[in-house]
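Only one chain is given next, in structure tokens, and it is the form predicted on its own.
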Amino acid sequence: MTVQIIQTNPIEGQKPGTSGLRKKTRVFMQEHYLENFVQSVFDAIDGAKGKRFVVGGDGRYFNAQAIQTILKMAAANGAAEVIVGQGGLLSTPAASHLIRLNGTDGGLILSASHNPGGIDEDFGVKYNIGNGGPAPEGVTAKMLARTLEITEYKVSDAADVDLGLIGEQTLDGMVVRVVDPVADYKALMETLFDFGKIRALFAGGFRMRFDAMHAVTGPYATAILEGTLGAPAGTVINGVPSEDFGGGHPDPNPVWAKTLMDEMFGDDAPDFGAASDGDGDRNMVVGKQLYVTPSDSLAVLAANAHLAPGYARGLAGVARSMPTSAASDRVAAKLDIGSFETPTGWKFFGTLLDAGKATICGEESAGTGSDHVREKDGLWAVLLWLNVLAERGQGVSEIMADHWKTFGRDYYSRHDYEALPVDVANDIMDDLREQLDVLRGQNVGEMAVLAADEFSYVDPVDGSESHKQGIRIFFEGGSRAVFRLSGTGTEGATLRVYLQSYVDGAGDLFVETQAALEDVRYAAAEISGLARTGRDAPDVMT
């Protein structure tokens, strides 16, 4: 072995507070760029010597080459073992499970989540710690600091590892264990759900369509749904991972999963539709003629989780990100369990899960999961829905109607204004901050403002604080508007506007969503001055 110590210069660091780095693929392909970040990760965790890691990604462009670089750097930094998914593939929840199952020190996950892939699209690398979850802010702060001062990195000059061959190999004394990316994850799912009941559901003629969006969940869904559970061949569509996700956008929402939506709203719709994203941690659920919002999906799963064997004991609590609707809060109140509102980002759920305060968590951006891993998990959510459908013997529409009558309905939608000029987006947020103290009591259109604030969070377990997590406007009657800048894009700024209007179980529960939210939308636009975006409508509305 020859360990090369390469002289380098600091790179632009990752956004403070995130667990990784997400940029355009060509940026990652620049000389030293990926290497600087990986070395900064190792340095931030007090080195890699003697440590064990999991490495894998969603198969997007540059995934295979980046993994070879990471392996050579791990070996040069003295790591003892790296576990890699065959072909370099691992869904994010499967990677989290492997970290926990094997007791490794952490893992590097290669993905830009639901963003498009390709040489002119997006790439990302993030670090997960030993509990399987995204690195907390204390670790990411060290990573950021190191990227700004790094002057050298270590890399082996060894040949590439054969990632197509399952089994153990060595790379300059470091063990590289290539594993089936699906097997351990599938075994975990079998401990949580009644596969016999779900298998009988399919055997009885139940029809489903799962859109894997040419992304990493394809092999998992095909093996579990069609292989183990007996769903007919063709249940999974777009099931072969592609470097550019088939030229599409692997974000499971009604806009980008239009083919699935058209089928579910057609004359011969299957009983159940679902989709997952680029790295397999998000999900979309659709019934016949009915889209289930992620906020409602979280609430329904929390209310019915006890029907699955893995949750028969009941839930310790339910956690949601702040922009997510309050639907799950009402479930938690009825179940008399804990209810938690956190900033956006799965790492904030980690301490609650580790402390046993929450069992199920969810975000409005289509991420749902439980304490079985420390990431959101798209296929897990789909399997829990199938278990609930099998146990209740009802369709999605019937279950949703019953849920709304019992708990009331939170009409909810997210409006995304993408690739805005950064100064315009910042001006909107700054102007909102200046209004917080004077909004209370104002009437805007048909809406009366009860309160306004900027969300801050104190972790109930470790006491850590997070501020400036989104601006909330509360209206009389249970309506709300939330404004937040997203950190998931790679161009300009994305302003997300979240709209919510509550109707109790005795009200009209079947109004079209955007119509039900019209008064809130108008008030939010007037208060924030959204006309400054120059857009007549959001770029994406879900």
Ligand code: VG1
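One-based numbering along the sequence shown. What you see is a predicted model, and the numbers here were worked out from it, not measured in a lab.
The form predicted together with the named molecule is left out here; the points below concern that form.
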Give me the residue from S297, S325, T104, S365 that has a heavy atom within 4.5 Å of the named molecule in the predicted bound form. S365
If you check H415, H403, H97, K376 against the named molecule in the predicted bound form, which one has a heavy atom within 4.5 Å? K376
Any of the heavy atoms of R484 lying within 4.5 Å of the named molecule in the predicted bound form? yes
With a cut-off of 4.5 Å between heavy atoms, is R409 one of the residues that contacts the named molecule in the predicted bound form? no
Closest heavy atom of W346 to the named molecule in the predicted bound form, within 4.5 Å or not? yes
Given that the named molecule is not shown alongside this chain, does S113 nevertheless sit within 4.5 Å of it in the predicted bound form, heavy atom to heavy atom? yes
Stretch in contact in the predicted bound form with the named molecule, which is absent here, among 189 to 197, 297 to 305, 276 to 284, 213 to 221 (heavy atoms within 4.5 Å): 276 to 284
When the named molecule is considered in the predicted bound form, the residues of 493 to 526 having a heavy atom within 4.5 Å of it are R496, Y498
